[in-house]
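You are given structure tokens for the same protein chain in two forms, set apart as structure 1 and structure 2.
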Structure 1
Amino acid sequence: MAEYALKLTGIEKTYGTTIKTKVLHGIDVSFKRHSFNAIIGQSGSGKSTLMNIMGTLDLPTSGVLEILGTKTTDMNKKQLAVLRNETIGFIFQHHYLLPEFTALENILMPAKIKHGRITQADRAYALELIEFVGLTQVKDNPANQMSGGQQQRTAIARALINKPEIILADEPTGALDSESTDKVYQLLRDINTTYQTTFLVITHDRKVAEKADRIIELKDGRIELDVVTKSS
């Protein structure tokens, strides 16, 4: 089994043809399985571009990305989509829930897309996740009848429903107040511990980042700082 959840070697990204803008400059970094990592940096540092490449939502201009030991370099769009759906869950700043569907229905949506239907196992796991994230009392509420914190916890459970090895979280607490931020962050840590899910959290909030096991800071598309705060 692969030691690393993600391994990036010489990753570069350039946008444009006539006028070229280089966003990432030879990124070399690896993330161990089951670890909890924070990636920080100012706006324009390349954080979101790096996340999109790690999540196979965008392709590097050059370099090699390995996901759980599998090189993605020569994969086509269909193969990348399969790998992404099987191994990676995404959490964004905005929850992107379907407002007319309940919390439970939103959580089950990726499973329905993956299997073409909702299995008994899917439903049982969704209910387990709902209890884990503390949404049992509102599981049948439409998404637009939940608080911001409840909506984000629903989005977190949705990201977990297909049991991904890796979670990429882009500013997951950016739209929340400080109390909800603390609760959601603690939930992410609990998931990391309980389900052994590898986390990469993109954030501008240093207070959040400082609670991670490892902090990587990007500046102008390069790794400026890489600090392990806890053995992982």
Structure 2
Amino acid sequence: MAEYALKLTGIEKTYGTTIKTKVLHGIDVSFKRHSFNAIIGQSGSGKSTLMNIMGTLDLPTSGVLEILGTKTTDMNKKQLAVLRNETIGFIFQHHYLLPEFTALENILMPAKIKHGRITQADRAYALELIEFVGLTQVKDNPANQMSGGQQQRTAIARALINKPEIILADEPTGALDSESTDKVYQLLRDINTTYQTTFLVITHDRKVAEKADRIIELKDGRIELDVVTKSS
């Protein structure tokens, strides 16, 4: 197994064809497996753009991305979809649950995409995750009939169902109150210790960031600061 969960070499991103806006200026950075990383920076500094590229949701204008030692450059859309499904879990600021499905069904969806059906093991693991994120009471609620915090915890459980190596979270508590925020971060940290999942979390919250193993600050599309708070 590769040493790094993610390795970025010279990643650049330019938006627009006529009026070009360069958003990322040659990012070189690697993230160790099992580490918990925070990405901070002002609004518009390129955090989301970077994370979307790391998650293969968006393509860099130039540069190379390696996920668990595999270059993504030559992979086609289908291969990328499979890679995302099996190795990356996403948590967004807006939870993006499927409102047509219940909490449990939402959590099982990546597994269903992976296997074409839901295995006994998937179901057992989903129930374990539901327990873990504290949703047992509401697991059969339609996704849009839960509180914001519950919805976000559902999204977290969904990100975990396929036991992904990497979790990418873009301001996962941006839409939550401070109490829920604390709960969610504690949860992410617990998952990191329990399941050894690599975390990259974009956050506004310095307090949250300080609990990470490593903090990276972006400024105008460049890495301004890279602090390792505790080595893993």
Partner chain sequence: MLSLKIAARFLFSSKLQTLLIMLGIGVGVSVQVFIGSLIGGLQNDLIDSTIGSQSHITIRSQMRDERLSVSPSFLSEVEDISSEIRAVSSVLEGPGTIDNDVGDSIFIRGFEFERANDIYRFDEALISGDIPEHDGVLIGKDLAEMLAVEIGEQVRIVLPQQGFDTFTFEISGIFDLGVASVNETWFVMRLETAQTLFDTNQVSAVEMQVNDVFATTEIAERLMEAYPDLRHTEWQASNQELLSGLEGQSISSLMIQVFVMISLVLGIASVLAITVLQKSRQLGILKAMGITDFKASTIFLAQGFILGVFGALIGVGLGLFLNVAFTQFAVNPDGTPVVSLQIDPAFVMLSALVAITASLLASIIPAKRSAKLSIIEVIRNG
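Numbering runs along the sequence of structure 1, starting at 1. Quick caveat: nothing in here was measured; it's all calculated off a predicted structure. Heads up, when I say rigid core I mean the largest set of C-alphas that superpose within 1.5 Å between the two forms.
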{"property": "Either 1 or 2, the form predicted in complex with the partner chain", "result": "2"}
{"property": "Y125 C-alpha moves between structures 1 and 2 by 2 Å or more, core aligned", "result": "no"}
{"property": "Core-superposed C-alpha of A143 shifting 2 Å or more between structures 1 and 2", "result": "yes"}
{"property": "Between structures 1 and 2, how far the Cα of T102 shifts once the core is aligned, in Å", "result": "2.3"}
